[in-house]
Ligand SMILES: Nc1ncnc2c1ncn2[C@@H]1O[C@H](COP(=O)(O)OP(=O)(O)OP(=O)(O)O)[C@@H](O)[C@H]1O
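The chain that follows stands alone, in the form predicted on its own, written as structure tokens.
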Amino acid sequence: MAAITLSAITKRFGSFDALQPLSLEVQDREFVALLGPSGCGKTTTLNILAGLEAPTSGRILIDGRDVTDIPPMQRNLAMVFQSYALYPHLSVRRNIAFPLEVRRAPRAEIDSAVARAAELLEITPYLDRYPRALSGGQRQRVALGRALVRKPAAFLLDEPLSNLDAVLRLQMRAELSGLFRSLGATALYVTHDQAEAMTMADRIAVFAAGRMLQFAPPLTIYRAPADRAVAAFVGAPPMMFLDGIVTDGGAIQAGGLTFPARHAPLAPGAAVTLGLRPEDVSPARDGPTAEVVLVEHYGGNQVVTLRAGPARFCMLSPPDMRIEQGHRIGVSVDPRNLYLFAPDTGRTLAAPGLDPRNETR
């Protein structure tokens, strides 16, 4: 496997800056997720690394070797596409073998590599079938098998599970995680699905509008987001934001509620944006009250939307707790779980897990 370095990479299409200066170091045998909404630059980053797009500026290094101007075939990277990109006229066996056949590898080596990949991915019974006779999950395994036989320096995966149904995605997510860990493979995985990134990656690079906002381990991304944009993108249900004012006693007044903030870094009277994750809000008999606007049941829990003055926020509660729409209930928030953001820049001022040593902005 290999370490990968992107140094000050940019990409411009005409007058549009698709990728602003990006520097990213992926360690050997590390699984890195590139996470963000559509059009944020994550697939462009993958294509530049693969050699499918040329950067406008910057350098690409694989194990210290500059490959910026080297053709894709000479970079020894394997790419797995969202669409699987299988050859419909070739059997599963021939699809997996194709990269080795192009290299004119010996037939015995090809047969052995195909057999190993098929066994690892549990598709041996389908080797003589054609792609049209396979399910989505089976096609994805074939695409992975074709990448595996190349023995690449690193794997590049562009939303490989997005075409699968919800149940199959969960299954394949677990299988992929186990596969890449057993291989000890270096991998970059593009996704807009935060659950995939949080559960599979060693580190996550969060993108927005062509910029990398933060590069850190999943828990750091979640509990110590670099700014409001990262905090808003990661979490389900998403974080709620309330406009607030710091009181003389150091608390935060937001909407119709007052929140004790043990780490408020601002002077009394200062404006601040308060962030609340639904799991950090809990019902309380003697706490400040809020009106129940909506109750949504999800089996294992229920999401309660609350209104206090002009502010709205959510709370997670047990599924058997009786909460009725239109009623008022008491709520409480542990001050240790409050997030504070600068209203003008969105920069994180305080968060439960904030530690500058654990994040890259």
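Start at 1 and count along the sequence shown; that's the residue number. Quick caveat, the model's predicted, so the values are computed rather than measured.
We do not show the form predicted together with the ligand, though everything after this point is about it.
Checking 37, 64, 299, 318 for any heavy atom within 4.5 Å of the ligand in the predicted bound form turns up a single hit: 37.
Partner contact region in the predicted bound form: 39 to 47, out of 324 to 332, 301 to 309, 65 to 73, 39 to 47, criterion any non-hydrogen atom within 4.5 Å of the ligand. Not displayed here, the ligand is kept clear of residue 24 by more than 4.5 Å at the level of heavy atoms in the predicted bound form. In the predicted bound form, the ligand lies farther than 4.5 Å from every heavy atom of residue 340. Although the partner is absent here, residue 350 is not a contact residue: none of its heavy atoms lies within 4.5 angstroms of the ligand in the predicted bound form.
At the 4.5 Å threshold, heavy atoms of residue 280 stay clear of the ligand in the predicted bound form, well away from it. Although the ligand is not shown here, in the predicted bound form the stretch 149 to 171 places heavy atoms of just one residue, 159, within 4.5 Å of it.
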